[in-house]
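Taking the form predicted on its own, here's one chain by itself in structure tokens.
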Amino acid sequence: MNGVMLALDPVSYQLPEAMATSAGPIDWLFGVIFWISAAFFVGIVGAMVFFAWKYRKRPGHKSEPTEHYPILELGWTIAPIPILVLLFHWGFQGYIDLSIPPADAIEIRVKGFQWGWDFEYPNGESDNVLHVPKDRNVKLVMSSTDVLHAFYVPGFRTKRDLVPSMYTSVWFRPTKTGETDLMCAEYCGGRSKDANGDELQPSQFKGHWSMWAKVVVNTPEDFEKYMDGLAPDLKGDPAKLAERGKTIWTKKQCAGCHTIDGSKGSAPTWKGLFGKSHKMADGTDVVADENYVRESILTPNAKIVAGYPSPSLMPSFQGTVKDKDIDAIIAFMKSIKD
């Protein structure tokens, strides 16, 4: 009996496991729409098959043109209206519920960029993995640094667009610990060639589809421990500071363009870059020192290395990296020698 009931539940085999309170109303409405659609499908296709058989061409029967039947035509036009009004009401009510967070919600900042995510926690630290506490209300305040992105977590039944030059928000309350997928639901953008016009390998393609990340639901205690361990004090330890810089190089998607082994990429390699003079697109020579690295991270178009696209393909990281992150990146670059 349980197997039959499970098979009759469209949510159980079409959607991933629900991990937030927001999933309940959405799953219920999904089921309602599914069974309404199924009923109309059976009714319409059944009628079509019946009439195709009943009025099939056969000897002794002559076809005649049909006439208008106003009552029937008004009936199938008016009958769906109450259903559509109810579906709109339930859907809009759910949208409003997800847009107005409780007053005690933890606020996490989300920034989307080409091509990755940045999550800033209440303590000011950031990561490219979204950690949230179980059984706590969480509000996401979201923005985009470049183009339209779509924050989508199927396990939470949560999707909201990130729009350049404005903020959007959504909230949820996780109910289970564990991991679930986070992705960008836009289906445009990206590139398949590097800065010199050479074809990239499929594994190197970048676009909305490559903005896959994880959401980790922790117990409240583990969530606090996670935030405390995000940015340990590494002053005075160049090796660990450089190690943190390498972590940032990975998390901020720098690895997608800047190689560290000297190989060709769509942006200058970091190997042997620091401390040397480089020819810029305007013909000037610039030494890649601390000020140059900082300026290039915050204002990518200020100085562009000769042979690379102008304007730069690199997004500005203004507001998404802190001074101590830049210090760590510089320490990492210093450690990558020829």
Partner chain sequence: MSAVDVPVTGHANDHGDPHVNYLKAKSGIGSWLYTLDHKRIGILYLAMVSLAFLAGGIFALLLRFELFTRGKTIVDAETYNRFFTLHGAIMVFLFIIPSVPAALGNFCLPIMLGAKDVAFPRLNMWSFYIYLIGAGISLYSIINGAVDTGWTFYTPYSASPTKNYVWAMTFGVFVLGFSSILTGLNFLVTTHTMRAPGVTWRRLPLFVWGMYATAIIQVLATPVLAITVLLLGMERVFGLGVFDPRLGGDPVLFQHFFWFYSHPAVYIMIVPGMAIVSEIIATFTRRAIVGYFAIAMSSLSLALLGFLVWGHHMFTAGMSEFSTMLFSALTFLVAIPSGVKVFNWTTTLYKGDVWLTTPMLYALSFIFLFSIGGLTGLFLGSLSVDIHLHDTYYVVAHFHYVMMGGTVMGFIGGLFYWWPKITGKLYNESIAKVGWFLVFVGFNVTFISQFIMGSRGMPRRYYDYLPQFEPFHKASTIGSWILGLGMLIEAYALLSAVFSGKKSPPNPWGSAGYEWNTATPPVLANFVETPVITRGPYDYHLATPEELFDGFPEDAPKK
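Numbering follows the first chain given and starts at 1. It should be emphasised that the depicted structure is a prediction, and the values quoted were computed from it without experimental measurement.
The same protein also has a form predicted together with the partner chain, omitted here; what follows describes it.
Trainee: Do D222 and the partner chain share at least one heavy atom pair within 4.5 Å in the predicted bound form?
Mentor: Taking the distances in the predicted bound form, the answer for D222 is no, it never comes within 4.5 Å of the partner chain.
Trainee: Does the partner chain come within 4.5 Å of any heavy atom of V163 in the predicted bound form?
Mentor: Output for V163 is yes: heavy atoms within 4.5 Å of the partner chain.
Trainee: Just to confirm, K276 within 4.5 Å of the partner chain in the predicted bound form by heavy atoms?
Mentor: Contact with the partner chain, no.
Trainee: Can you work out whether A302 and the partner chain are in contact in the predicted bound form, taking contact to mean some heavy atom pair no more than 4.5 Å apart?
Mentor: A302: no contact with the partner chain in the predicted bound form.
Trainee: Only one of 79-87, 118-126, 248-256, 261-269 gets a heavy atom within 4.5 Å of the partner chain in the predicted bound form; which is it?
Mentor: Result for this chain: 79-87.
Trainee: Assess the spot marked by R157, D181 and W209: is the partner chain within 4.5 Å of a heavy atom from every one of these residues in the predicted bound form?
Mentor: Yes, because R157, D181 and W209 each have a heavy atom that approaches the partner chain to within 4.5 Å in the predicted bound form.
Trainee: Which residue, A103, A239, I71, I96, has a heavy atom that falls within 4.5 Å of the partner chain in the predicted bound form?
Mentor: Checking each option against the partner chain in the predicted bound form, the one that comes within 4.5 Å is I96.
Trainee: Any residue of 41-66 with a heavy atom within 4.5 Å of the partner chain in the predicted bound form counts; write them all down in order.
Mentor: F41, I44, V45, A47, M48, F51, A52, Y55, R56, K57, R58, H61, K62, S63, E64, P65, T66 sit within 4.5 Å of the partner.
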